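Taking the form predicted alone, here's one chain by itself in structure tokens.
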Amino acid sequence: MSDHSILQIQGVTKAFGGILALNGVSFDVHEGEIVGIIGPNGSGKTTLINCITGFIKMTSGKVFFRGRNISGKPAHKIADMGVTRTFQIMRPYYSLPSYKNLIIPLFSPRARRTGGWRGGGKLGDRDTVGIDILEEIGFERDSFVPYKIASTLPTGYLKRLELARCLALKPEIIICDEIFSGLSMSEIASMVPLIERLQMDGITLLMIEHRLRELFRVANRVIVLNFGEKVIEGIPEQIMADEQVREVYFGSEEVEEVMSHA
């Protein structure tokens, strides 16, 4: 992990009509770091991701990636720079086989520019690379799973497919929107080492998560949002001990459980 900031969020504000969803949120993400973003429902977490990645336009504020202002750029341009994301509600091409879901990112200008696919440019080469990536994130290569139509996949595989589509773009940062949500305990137990391996491979991760116990296992730093504002940021131990966080999460059984084991 480096002290160098790869992503800088400066005073990001987003209003929907008269409702202020985000109010002057600022923080840095360092290269190679895993940063968690937590907060109750409606605190602005997904809105923040959408602003960073260009899916919605912020009302004010700036976002810098490696010193370049990416505020207001369209989502595909931001992804082409190496800032990728998963979605809380998965968005695969449901009618295509799993490995075919990776063909579009493998055809992208970024993938070609960065060597995201190997071979002489034939479609079959990309098919093979797609299956290679799926194997890296937990699809059994020698099974029929990589060839199954995406609509038939269980949630655990769909979550991994989201990550695979990011990896096909050779990302520098992956922003995960509740990657643990909807998974069983055994699926989460296998997902945690995958997240750790992505970090070891040099990928920076920004993770929105409700599963706090699992997030605190992997996060280097945690940011707490409430009513669209940053409440506090710090290492997981500081966050768990902070009185403001207890107030924000008052009544949440999971947070009480996490804090009781701190």
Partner chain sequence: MDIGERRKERLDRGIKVRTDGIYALMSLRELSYLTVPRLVFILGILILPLVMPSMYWQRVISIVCIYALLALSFDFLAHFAGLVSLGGAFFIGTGGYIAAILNTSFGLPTIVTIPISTLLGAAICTLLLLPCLPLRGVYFAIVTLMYPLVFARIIEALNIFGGTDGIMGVVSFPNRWVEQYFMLTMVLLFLFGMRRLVNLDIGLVFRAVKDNDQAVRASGMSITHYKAIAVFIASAMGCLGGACLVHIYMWSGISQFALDFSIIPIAATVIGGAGTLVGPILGCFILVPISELLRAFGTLRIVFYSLILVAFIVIRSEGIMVYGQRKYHQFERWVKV
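Numbering follows the first chain given and starts at 1. This is a predicted model, so every value here is computed, not measured.
Omitted from view is the form predicted in complex with the partner chain, to which the following refers.
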Exercise. Just one of 130-138, 73-81, 182-190, 152-160 has heavy atoms within 4.5 Å of the partner chain in the predicted bound form; which?
Worked result: 73-81
Problem set entry | in the predicted bound form, the residue from Gly61, Gly32, Pro236, Gly54 that sits within 4.5 Å of the partner chain by heavy atoms | Gly54
Exercise. Can you check whether Lys100 is within 4.5 Å of the partner chain in the predicted bound form, heavy atom basis?
Worked result: yes
For this session: Although the partner chain is absent from this view, report whether Pro171 comes within 4.5 Å of it in the predicted bound form, heavy atoms only.
Result: no
Exercise. Is Ser95 a contact residue for the partner chain in the predicted bound form, using a 4.5 Å heavy atom cut-off?
Worked result: yes
Problem set entry | 4.5 Å heavy atom contact, Gln88 to the partner chain in the predicted bound form | no
Exercise. Hey, which residues along 147-168 are within 4.5 angstroms of the partner chain in the predicted bound form, non-hydrogen atoms only?
Worked result: Tyr147, Arg165
